[in-house]
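As a starting point, one isolated chain is supplied in structure tokens, in the form predicted on its own.
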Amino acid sequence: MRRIMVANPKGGSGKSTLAVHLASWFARFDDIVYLADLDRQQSSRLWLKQRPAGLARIRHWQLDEDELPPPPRDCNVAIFDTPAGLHGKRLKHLLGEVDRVVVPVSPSKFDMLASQEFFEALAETKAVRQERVHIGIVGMRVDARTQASRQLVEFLGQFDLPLITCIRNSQRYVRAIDSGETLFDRNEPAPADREQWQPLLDWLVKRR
């Protein structure tokens, strides 16, 4: 079973967008995918409720703040969409339940500052130190032509964590999410989008 957590302590970093796209991609290949939405806003769960019939099925896995039951027995892929402000015992508990952590970071000063403390907290956890959990960073809403994107790359260079890929800012994501879909549900993504997603997908499925 693959167990993937999408996490960043700052709200609005793109966690839910990443989580539902990953769930959709795995579901396309007949994996039994469960999506757990731990955020009080329940963005992923609400998105799932409006998902059109006939698309690759993604199952909802109900969790709450106090309990973290194991994934259902038939689960092949479990994806955790986590809340803003994740830290302390809750963070450590979740890290003990997953194999990979995807951290979306936007090229803004506030996002980078919040992420710095989060990376430091991750580095201190036993699961990460012992390499039981692998962490990858994804730049979100990144325009490679801007100074902000270059600053993001420079900022991430100070950490011993891989920048897996950068995802561009596009209205195609907004339109798809609004209709309960993802780019992976609409035939094939545009070549530019496919090129950006492929490194992350490869990283998630490769053997350690």
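A residue's number is simply how far along the shown sequence it sits, counting from 1. Everything numeric here is computed off the predicted structure, so don't read it as measured data.
The following text describes the form predicted in complex with a small molecule, which does not appear among the structures shown.
J.: Quick check on residue 179: any heavy atom within 4.5 Å of the small molecule in the predicted complex?
T.: No, no contact at 4.5 Å.
J.: Residue 140 versus the small molecule, in the predicted complex: is there a non-hydrogen atom within 4.5 Å?
T.: Contact check for residue 140: yes, within 4.5 Å of the small molecule in the predicted complex.
J.: Is the gap between residue 12 and the small molecule in the predicted complex 4.5 Å or less for some heavy atom pair?
T.: Yes.
J.: Quick one: does residue 36 come within 4.5 Å of the small molecule in the predicted complex, counting heavy atoms only?
T.: Output for residue 36 is no: heavy atoms all beyond 4.5 Å of the small molecule.
J.: If the cut-off is 4.5 angstroms on heavy atoms, which of these, 60, 28, 168, 150, is the one near the small molecule in the predicted complex?
T.: Residue within 4.5 Å of the partner: 168.
J.: Just to be sure I understand the contacts: of 68, 55, 174, 46, which is the one whose heavy atoms reach within 4.5 angstroms of the small molecule in the predicted complex?
T.: If I apply the 4.5 Å criterion carefully, the residue I get is 174.
J.: Identify whether the small molecule in the predicted complex is within 4.5 Å of every residue in the set 16, 41 and 84, based on non-hydrogen atoms.
T.: Yes, each of 16, 41 and 84 comes within 4.5 Å of the small molecule in the predicted complex.
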